[in-house]
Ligand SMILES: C[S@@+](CC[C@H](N)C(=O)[O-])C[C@H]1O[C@@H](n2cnc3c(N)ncnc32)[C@H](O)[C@@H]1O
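Shown below, as structure tokens, is a lone chain in the form predicted on its own; questions about how it binds or moves come after it.
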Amino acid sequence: MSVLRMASWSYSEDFVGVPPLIDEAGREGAEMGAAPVKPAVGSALRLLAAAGQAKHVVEVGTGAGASGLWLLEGMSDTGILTTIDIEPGITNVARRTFRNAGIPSQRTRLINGDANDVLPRLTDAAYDLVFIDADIASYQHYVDQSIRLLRPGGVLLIDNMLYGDRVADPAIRDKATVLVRDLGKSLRDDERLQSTLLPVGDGLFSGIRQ
């Protein structure tokens, strides 16, 4: 990659500034082992939520609430974010993050539990957007459930789909990389979705439910 291309990539990654509350939540999440989404990913979440006027959103992987704030900024003013995380401490920090940001409590539904168990209990075709940023090993199950949850025209977003730049190198064959690479290919060919892979952050898969 040329020096200019690298400079352009770096410029675009930082093109949208991070609001202070989101920056603070991201730092706190990182300290707890929950890496926040990159600014370019967060701004893409906000943009896509706004473009679809999303009112009902599911997030798999709450972190400290940074990605949730990006989503809520783009969602309808009456929209409800349902966010799922297996770690109680993370859930509690995210709840405080949303409260400090002035988000009315009725606009967030924080569920502490295993998304493998929680997602099957959510209603079919009832959501405008689903964002996945959690345990890589469970991505396939999360995706299967997410497609069921999305209404026609709803958007599926999956973070880390370049997996630290490992997916693009066919010589890298560890289990996690192969899982992400194969998942991306299967989603690309899935007739239920119109999809693309955005080269922001660590790779953001985006698909519209047909």
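Just count from 1 along the sequence shown to find any residue number. In this text, all values refer to a predicted model and were calculated from it rather than measured experimentally.
FYI, the form predicted together with the ligand isn't displayed, but the following is about it.
Checking 49, 150, 34, 180 for any heavy atom within 4.5 Å of the ligand in the predicted complex turns up a single hit: 34. Out of the listed residues 110, 103, 90, 122, 90 is the one that sits within 4.5 Å of the ligand in the predicted complex by at least one heavy atom. Of the stretches 64-72, 49-57, 163-171, 181-189, only 64-72 has residues with a heavy atom within 4.5 Å of the ligand in the predicted complex. Contact between residue 140 and the ligand in the predicted complex is not found at the 4.5 Å heavy atom cutoff.
Shown alone here, residue 116 lies within 4.5 Å of the ligand in the predicted complex, counting heavy atoms only. Shown alone here, residue 134 lies within 4.5 Å of the ligand in the predicted complex, counting heavy atoms only. A residue is said to contact a partner when one of its heavy atoms sits within 4.5 Å of a partner heavy atom; residue 130 fails this definition for the ligand in the predicted complex, lying far away.
Shown without its partner, the chain has 84, 85, 86, 87, 90 in segment 78-102 as residues with a non-hydrogen atom within 4.5 angstroms of the ligand in the predicted complex.
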